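Next up: just one chain, as structure tokens, the form predicted on its own.
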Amino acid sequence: MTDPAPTLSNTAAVRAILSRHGLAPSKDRGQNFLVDPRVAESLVDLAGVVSDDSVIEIGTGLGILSRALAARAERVLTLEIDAGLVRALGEEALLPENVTLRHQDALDVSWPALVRESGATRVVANLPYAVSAPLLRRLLDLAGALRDWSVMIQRDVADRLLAEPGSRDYSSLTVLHRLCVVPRREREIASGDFHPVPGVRSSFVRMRPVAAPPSPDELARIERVVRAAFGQRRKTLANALRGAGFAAAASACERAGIDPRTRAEQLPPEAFVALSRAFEAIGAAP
């Protein structure tokens, strides 16, 4: 069943607020504002938010998702990088009392410290398209601290998260996520549900941590191997690793039980854990 299209008044209201404060959506920051409260409420449902949750939101925008979260969660901490939007949110009184707004860049935050400070149990966000990949990576280090996180991202990024080994979309992003979380695409979001209308479709994906995710330190070691292996997809695994500065690549592959002639996209995520540990064991990690 498809959702009803957002009414003109929702889009018009967003435009009117931006106009009153002399603001315009920033393409560089990937600003596309959700305009339909019904969609925001649906996303909160799909994210599994309950009354005792403390939620961190990335990218407040004009607060449409913040308000939907505040109606369900105990408290919401929302981060917004744009000073103009922070000013507009305050002057228009757009946020409920149980929402704390911080003028802060989500890429500059110490996420483990923020989660501890806020008592956060979940992250829910309409991620700015321009910085979705680095923010997704930062969230992986929270797999042992959060119940889950749910994010709106470009559909092609969601395709990569959900890809299987051997497929075109299988990538380093896939591997790192599969080692930490079980991703599930909960909903597709129509381009017309945003202002301005983006040139891509969006997916809402919920990430549930696996039972025993790698520690942040081990994940960083694995990441170096994974990115080197996928950095030159047309090369064999051993050649790609050697080209990235990993000495004794063939020996590490042998120790991990991996054919050095295979290619990165053919390996399951667990193979990269074994390979990373093999490099550590023989002292050949760069």
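Numbers follow the displayed sequence, beginning with 1. Note that the structure is a prediction, hence the values are computed from the model and not measured.
There is another form of the same protein, the form predicted together with a small molecule; it is not shown, and what comes next is about it.
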Any of the heavy atoms of residue 255 lying within 4.5 Å of the small molecule in the model of the complex?
no
So in the model of the complex, does any heavy atom of residue 226 sit within 4.5 Å of the small molecule?
no
Can you check whether residue 249 is within 4.5 Å of the small molecule in the model of the complex, heavy atom basis?
no
Using heavy atoms and a 4.5 Å limit, would one call residue 64 a contact residue for the small molecule in the model of the complex?
yes
Heavy atom of each of 181, 214 and 273 within 4.5 Å of the small molecule in the model of the complex:
no
Picking from 231, 243, 30, 37, the single residue whose non-hydrogen atoms come within 4.5 angstroms of the small molecule in the model of the complex is 30
In terms of non-hydrogen atoms within 4.5 angstroms, which of the given stretches 171 to 179, 202 to 210, 156 to 164, 80 to 88 touches the small molecule in the model of the complex?
80 to 88
